[in-house]
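Single chain ahead, written as structure tokens, the form predicted alone.
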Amino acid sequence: MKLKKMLAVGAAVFGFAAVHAHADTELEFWTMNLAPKFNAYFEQAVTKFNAANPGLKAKWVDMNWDQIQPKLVASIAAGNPPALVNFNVPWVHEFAAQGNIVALDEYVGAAKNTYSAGALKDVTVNGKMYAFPWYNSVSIIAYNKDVFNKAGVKSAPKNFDELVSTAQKITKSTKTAAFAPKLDNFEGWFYYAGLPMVQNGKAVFNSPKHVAFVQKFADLYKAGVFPKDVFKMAFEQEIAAYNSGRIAMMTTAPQALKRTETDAKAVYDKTEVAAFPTDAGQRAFGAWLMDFVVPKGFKNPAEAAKLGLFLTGDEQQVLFSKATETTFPSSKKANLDPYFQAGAKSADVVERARAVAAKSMDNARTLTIPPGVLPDAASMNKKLQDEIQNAIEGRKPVKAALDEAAAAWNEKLAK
């Protein structure tokens, strides 16, 4: 009887130990604002990862973007953070500076080279990689061929100076505004032009090069190359302006052309596309990279990295782009996939635009000042933006406007 009890107890203990020895390691990963539209994509990703990785169990959780940071901070404090969290580039820099996310170099190895150069630069802080680059986008130029022909313009601009001269020629010849650049966050234009904002703790955007660059915009505005309400024009307004013939070029993401096809088929049929030209900064315009980070305190960072590499690998990046129909991969090989490149010679403008944008992705950079550089970012950026608008709309000389903004910045940076 004693022997039977001992055997029973031993079997129970062994069974308990065996179950726990083989318990799956859960890898919960968070995304923002992607459910329920992309449920099917994530369901296949989770199923495929789990099947290929016995002992690991990926679990997808989606939430609103404004819940991500507070929930992550709370989970880190409680000692139970998820394996991966969907971040943007500014958040990567902010949390890396705080020490709240893990440097990934030791976990990614040679796989690091699968990502585009621009994406890697976006997620590198003090020489270390802090995120797995995921989906992105980039601007293209969509232009009305009839307007170009009337103005005697033979081809799309290939650099920023050509964009300026082409725009001037269009407006002079046709009396039509040429384009409506996104001016609501001008710091991005400085980075696009390869011009620094802050150096050695001081604002430097009032240098002669900065003044000359902003002067180009002021001159274009004065000449009617930009619509007078350009500072009020966001994504929707720019599409409407192009569709109605108010502007000859649309500098936006490829998916905007779907609206043109629906709302202004006659304009759509006259539309051609080209890459948005680069400037001295050698950065494609319009990018906003999303990524995955591994929070500090997650107990199995190597396993989290397996999931991060899987979700941002070539196959899954292409599948996610197909699901969204609007985003582009941040891995080099994925952007060469036929889904993007087969449309290069298509009769469909949207497919041609997709191919053009994919070829620009290696230089796609998130054009923004990383968090932590500015002590009072909201008010400082507003001051700069106000003075930029004063300069471009002609209420102040460019040099005076930039000097005033720089002085305000330096007063705060000195504290």
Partner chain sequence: MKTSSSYTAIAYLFLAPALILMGLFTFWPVGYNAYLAFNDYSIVDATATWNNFEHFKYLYHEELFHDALKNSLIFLLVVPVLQVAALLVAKLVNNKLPGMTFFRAAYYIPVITAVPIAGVAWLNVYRYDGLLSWFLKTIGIIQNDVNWLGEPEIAIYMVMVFTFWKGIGYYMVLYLAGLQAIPAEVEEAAILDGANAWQRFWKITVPMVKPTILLCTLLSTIAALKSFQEVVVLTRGQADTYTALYYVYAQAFTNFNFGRASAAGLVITFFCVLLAIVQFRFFGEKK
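As the structure is a prediction and not an experimental result, all values here were calculated from the model. Positions refer to the first chain, counted from 1.
Keep in mind that the form predicted together with the partner chain is not shown, yet the notes after this line are about it.
- Taken together, the three residues D62, K121 and K172 all stay farther than 4.5 Å from the partner chain in the model of the complex, as judged by their closest heavy atom.
- At a distance threshold of 4.5 angstroms between non-hydrogen atoms, E393 is in contact with the partner chain in the model of the complex.
- Residue contact with the partner chain in the model of the complex: D279 places no heavy atom within 4.5 Å of it.
- When contacts are judged by a 4.5 Å heavy atom cut-off, N53 does not count as touching the partner chain in the model of the complex.
- The partner chain is not shown here, but in the model of the complex it comes within 4.5 Å of a heavy atom of P70.
- The stretch in contact with the partner chain in the model of the complex, judged by heavy atoms within 4.5 Å, is 230 to 238, chosen from 313 to 321, 230 to 238, 329 to 337, 153 to 161.
- Of the listed positions (K216, K306, H210, R246), a single one reaches within 4.5 angstroms of the partner chain by any non-hydrogen atom in the model of the complex, namely R246.
- The partner is absent here; in the model of the complex, the one residue of S346, Q44, N33, S379 having a heavy atom within 4.5 Å of the partner chain is S379.
- Looking at 75 to 105, the residues that come within 4.5 Å of the partner chain in the model of the complex, counting any heavy atom, are I76, A77, E94, F95, Q98, G99, N100.
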